[in-house]
Ligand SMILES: NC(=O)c1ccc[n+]([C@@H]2O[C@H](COP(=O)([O-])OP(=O)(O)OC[C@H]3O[C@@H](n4cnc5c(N)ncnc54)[C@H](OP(=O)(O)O)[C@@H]3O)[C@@H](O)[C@H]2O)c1
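Shown below, as structure tokens, is a lone chain in the form predicted alone; questions about how it binds or moves come after it.
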Amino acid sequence: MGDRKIGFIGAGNMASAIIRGITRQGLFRGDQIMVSAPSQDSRDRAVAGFGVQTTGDNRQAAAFGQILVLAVKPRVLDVIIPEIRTSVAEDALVISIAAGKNLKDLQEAFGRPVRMVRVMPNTPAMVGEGMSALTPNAQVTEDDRAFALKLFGVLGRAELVPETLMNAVTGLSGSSPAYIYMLIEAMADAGVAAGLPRAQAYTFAAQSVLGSAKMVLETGLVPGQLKDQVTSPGGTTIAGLRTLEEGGFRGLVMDGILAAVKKSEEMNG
């Protein structure tokens, strides 16, 4: 990214994941990154292994570079933005990963036009397999969009979506890692019930989920086609599928995601 600098307000898991990704990919050097966090422990964790600059002054991080990432809880933004808004450069690109804060509210909090991208990442970003949805405001340039996609692309995959679909993204990719963990846990429990040691059961279940997801993403086949490839006439797979269908598996998954979407809509007004 040349000589551009990037500041982070917040040093939690997602900020650390972004910093890990951009330094490992060579997008930014440690001296091009500044992280602001309230506690020394948080600042020490941010520095560990990355060599970034740290500060306890949010305004210093906000003024540091051409890009500013707001990586704090939504309720904290209500305090942070009034504190930093005069420190943010007129031509800065602001990226918010705070769930539930729409572009209109963020813009109003700054009290002036700001080039801004709202992002909904998910926790697998911490292992480089995240899914991030990006929504830019009207001030964002084509170069800004390309940069933001590249930035979050180092965490896995990133795509642009209209803000009207952010609640759908929250319910689907934002919340669904929890559903997948529950699925893996249930699969492993079944493996244990069938005689597998617990540690091996987790490995077999988790790797099967990972491999199946890669098949969807890399083969170009839809899930139904891939399912049929596994399902032999009169075999073990169709017996398992029949039981899942009788239990309403598909409907339960859909209902769970739509419940999360509805909750996101309620939280966002």
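Note that the coordinates shown come from a computational prediction; the quantities given were computed from them, not determined experimentally. The first residue of the shown sequence is 1; numbering continues from there.
Another form exists, predicted together with the named molecule; not displayed. Remarks below refer to it.
When you measure heavy atoms, are V117, L160 and V169 every one within 4.5 angstroms of the named molecule in the predicted bound form?
Judged in the predicted bound form, none of V117, L160 and V169 sits within 4.5 Å of the named molecule.
Contact with the named molecule in the predicted bound form for G256, defined as at least one heavy atom pair within 4.5 Å: yes or no?
Residue-level check for G256: no, no contact with the named molecule.
Answer for S39 alone: is it within 4.5 Å of the named molecule in the predicted bound form, judged on heavy atom distances?
Contact with the named molecule, yes.
With the partner left out of view, is N58 within 4.5 angstroms of the named molecule in the predicted bound form by any non-hydrogen atom?
Judged by the heavy-atom cut-off of 4.5 Å, N58 is in contact with the named molecule in the predicted bound form.
Decide whether M14 counts as a contact residue for the named molecule in the predicted bound form under a heavy atom distance cut-off of 4.5 Å.
Flag for M14 set to yes.
Could you check which residue among V88, V140, L134, I80 gets a heavy atom within 4.5 Å of the named molecule in the predicted bound form?
By the 4.5 Å criterion, the partner-contacting residue is I80.
Give me the residue from A188, V154, L106, I97 that has a heavy atom within 4.5 Å of the named molecule in the predicted bound form.
Only one option qualifies, and that one is I97.
Since the chain is shown here on its own, which stretch among 208-216, 240-248, 223-231, 64-72 would lie within 4.5 Å of the named molecule in the predicted bound form, judged by heavy atoms?
Selected stretch: 64-72.
Scan 109-137 and note down the residues that get a heavy atom within 4.5 Å of the named molecule in the predicted bound form; none is a fine answer too.
The stretch 109-137, when checked against the named molecule in the predicted bound form, contributes M120, P121, N122, T123 at the 4.5 Å heavy-atom cut-off.
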